[in-house]
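Only one chain is shown below, in structure tokens, and it's the form predicted on its own.
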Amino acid sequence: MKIKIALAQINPLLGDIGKNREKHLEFIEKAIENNAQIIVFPELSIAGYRLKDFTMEVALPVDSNFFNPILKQSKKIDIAFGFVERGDDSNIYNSAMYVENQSIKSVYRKIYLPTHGMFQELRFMGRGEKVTTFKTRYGNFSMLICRDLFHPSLLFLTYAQKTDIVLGMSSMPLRGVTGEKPAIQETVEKAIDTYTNFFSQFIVFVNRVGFEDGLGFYGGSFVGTPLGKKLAIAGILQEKLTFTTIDLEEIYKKRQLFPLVREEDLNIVQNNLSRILEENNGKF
């Protein structure tokens, strides 16, 4: 199956969820006009990133009517976007939602919330706990958010659930600009090359652009394929909608050429993890 994907590398306005929703609808309309089947937005695309004390003001429950215009458009195109979730447990989460045919297919809560240096996420939001795979009309999908992509354990969990396409939605700040590419961009690309090679998946990486409170976001969105190609390279620092068509047949070819899936034994992984946790009193 071939799928046309749109990568919406946008610059959300900090805290202005109404205008950000308008921008989402504009980009969705352009993607529909270009016959894309899926559009992916970055982390916290509805709210912006450095919300701090304003986080609770823009938090929305999953079933909020605010999302209805986006849900309506999902009859024509599948949509993944980021928002601040007001959970049923009265906690707040950095979440991503995937909608298809006017219904919510999945909501993912970011697990690893960086809280050091320039990052303060865990001060304002709770931590997710589950990495799941959900079925769409285009195959098995998983969503991960920004720092989650630096934890190979989470990518392994998507692999263990036979995920075809991982949506990596990000607000990755610009760092290290002395080389040909920003150092952070090199790091992300190497990580995604490694995951797509060994886990035989596609990874759709969509990073935001723009500046908030002295923090710059570099963009650099692209799609990594199981056969080592980079598609829909969006470039840096520019708001842009890029398109590519991927062929899921690549997964089949890669798993025959490099048949790690046939060798995998999750019981060995589980037994060793159980032993390690027991030896370390449940801690890393």
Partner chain sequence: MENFSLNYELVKKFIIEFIKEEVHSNGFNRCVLGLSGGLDSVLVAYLSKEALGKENVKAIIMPYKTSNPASKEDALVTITHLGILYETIDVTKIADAYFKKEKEMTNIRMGNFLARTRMSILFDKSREFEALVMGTSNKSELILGYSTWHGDMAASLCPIGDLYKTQIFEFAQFMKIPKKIRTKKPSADLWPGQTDEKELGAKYIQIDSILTLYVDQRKTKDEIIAMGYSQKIVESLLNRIKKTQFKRTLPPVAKFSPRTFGLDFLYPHDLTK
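Residue numbers count along the first chain shown, from 1. All figures in this text were calculated on a predicted structure; none of them were measured in a lab.
In what follows, reference is made to the form predicted together with its partner chain, a form of this protein that is not presented.
Exercise for the section: Could you tell me which of 141 to 149, 114 to 122, 156 to 164, 72 to 80 sits within 4.5 Å of its partner chain in the model of the complex, going by non-hydrogen atoms? Expected result: This holds for exactly one stretch, 114 to 122.
Practice task
Evaluate Asp213 for contact with its partner chain in the model of the complex, applying a 4.5 angstroms cut-off between non-hydrogen atoms, and reply yes or no.
Solution key: So Asp213 counts as contacting its partner chain.
Practice task
Answer yes if any heavy atom of Arg127 is within 4.5 Å of a heavy atom of its partner chain in the model of the complex; otherwise answer no.
Solution key: Result no; Arg127 lies far from its partner chain in the model of the complex.
Problem - its partner chain contact in the model of the complex: Gly179, any heavy atom under 4.5 Å - result: Flag for Gly179 set to no.
Exercise for the section: State yes or no: in the model of the complex, is some non-hydrogen atom of Phe54 no more than 4.5 angstroms from a non-hydrogen atom of its partner chain? Expected result: The answer is yes: Phe54 has a heavy atom within 4.5 Å of its partner chain.
Exercise for the section: Tell me, out of Ile192, Leu174, Val84, Val99, which residue has a non-hydrogen atom within 4.5 angstroms of its partner chain in the model of the complex. Expected result: That would be Leu174.
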